[in-house]
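Have a look below at one chain only, the form predicted on its own, in structure tokens format.
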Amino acid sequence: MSLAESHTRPKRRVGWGLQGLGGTLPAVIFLIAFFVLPLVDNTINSFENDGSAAAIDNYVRLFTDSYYIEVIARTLWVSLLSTLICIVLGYPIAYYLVRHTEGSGAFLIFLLVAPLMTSIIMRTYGWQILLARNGPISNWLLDFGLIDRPLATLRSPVSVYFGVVHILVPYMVISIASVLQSVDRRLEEAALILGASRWRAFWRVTLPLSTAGIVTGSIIVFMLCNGSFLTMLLLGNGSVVTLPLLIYQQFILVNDAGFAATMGNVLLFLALACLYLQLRTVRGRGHV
């Protein structure tokens, strides 16, 4: 009986292995066809030129020309500033959702997530209406006597930050709220019992324990802002030139697909760096 079982066990393992491979094979084929191969093709295109220069001429041009270096720096700066604004706005919202909404928490979370179900184009056009010279915001400020002339915020860096933060702040709130929910409130109560004020208990206990959510949300917001295109184009109208806008110009106006692919690889590298940092953060949190 034991000899028969020893002969059947390997067959079962092989069967289970083939079954698992068959279940994942469609997903693997899909990822290779629609993710890996386009990235490989984009990388190959980035080394193509008219034959009069070296294969890496596109990369040399991108990282030596002062204009393109300025665009890369501006892309990083816009992403960094937008991330900081999302932290300042998102943390109080996440804290309120977790600590002060027991019955209405689900409804408030729905209101937070509902804009994500709306097209980015529709939300961007909504900001165009709000920030127009004769829009509601400008008219309200004029009626209250806070300004003397209509605002000219549309098609400016200010309007870009309005649109980007509005689109990305829910990701920050969700990331922070998920971590705050796992923070044991008894630790805060112990700090209060030992004589700490509420502010000091928050600063020394709650905030350090929620750092993982801040880091994860920051990485997500930073990565998404790096690749933001429609908001920059429709609200900024060229006032804030970032790498996605430059890629669009190279494809549509200049028709230089090789140089556009080079800038696309730079964005890909930034995204991979963000994903690596997020992975390190998650692993570090699990280790702790």
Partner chain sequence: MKTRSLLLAMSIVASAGASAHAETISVTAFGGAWEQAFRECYVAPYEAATGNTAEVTVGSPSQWVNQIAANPQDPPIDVLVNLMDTAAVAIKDGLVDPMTVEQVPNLAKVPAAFTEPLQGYGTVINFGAAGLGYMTDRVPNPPADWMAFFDGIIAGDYVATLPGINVGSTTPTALLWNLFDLMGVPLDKTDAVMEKLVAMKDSGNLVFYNDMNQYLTQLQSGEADIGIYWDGRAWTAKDGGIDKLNFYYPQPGGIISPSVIQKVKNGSDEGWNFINVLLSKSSQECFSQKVGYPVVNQDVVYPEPLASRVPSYKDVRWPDFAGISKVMPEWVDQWNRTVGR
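Numbering follows the first chain given and starts at 1. The structure presented is a predicted model; accordingly, all values stated were derived computationally and were not measured. Rigid core (definition): largest C-alpha set, two forms, superposition within 1.5 Å.
Same protein, other form: the form predicted together with its partner chain, not shown, and the subject of what follows.
Colleague: Can Leu154 be called a contact residue for its partner chain in the predicted bound form at 4.5 Å between heavy atoms?
Modeller: Yes - in the predicted bound form, heavy atoms of Leu154 and its partner chain come within 4.5 Å of each other.
Colleague: Counting only non-hydrogen atoms and a 4.5 angstroms cut-off, does Ile44 reach its partner chain in the predicted bound form?
Modeller: Residue-level check for Ile44: no, no contact with its partner chain.
Colleague: Though only this chain appears here, would Leu80 touch its partner chain in the predicted bound form if you measure heavy atom gaps against 4.5 Å?
Modeller: Answer no; every heavy atom of Leu80 is more than 4.5 Å from its partner chain in the predicted bound form.
Colleague: Within a 4.5 Å heavy atom cut-off, is Tyr59 in contact with its partner chain in the predicted bound form?
Modeller: Contact check for Tyr59: no, nothing within 4.5 Å of its partner chain in the predicted bound form.
Colleague: Within 244 to 267, which residues come within 4.5 Å of its partner chain in the predicted bound form, counting heavy atoms only?
Modeller: Contacts from 244 to 267: Leu245, Leu246, Tyr248, Gln249, Ile252, Leu253, Val254, Asn255.
Colleague: Taking the rigid core as the reference frame, is the Cα of Asn255 displaced by 2 Å or more between the shown form and the other one?
Modeller: Yes; that C-alpha moves by at least 2 Å between the shown form and the other one.
Colleague: Superpose on the rigid core, then tell me if the C-alpha of Asp65 is displaced by 2 angstroms or more between the shown form and the other one.
Modeller: Shift at Asp65: below 2 Å after core fit.
Colleague: Once the core is superposed between the shown form and the other one, does Asn42 show a C-alpha displacement of at least 2 Å?
Modeller: Moves: yes, 2 Å or greater.
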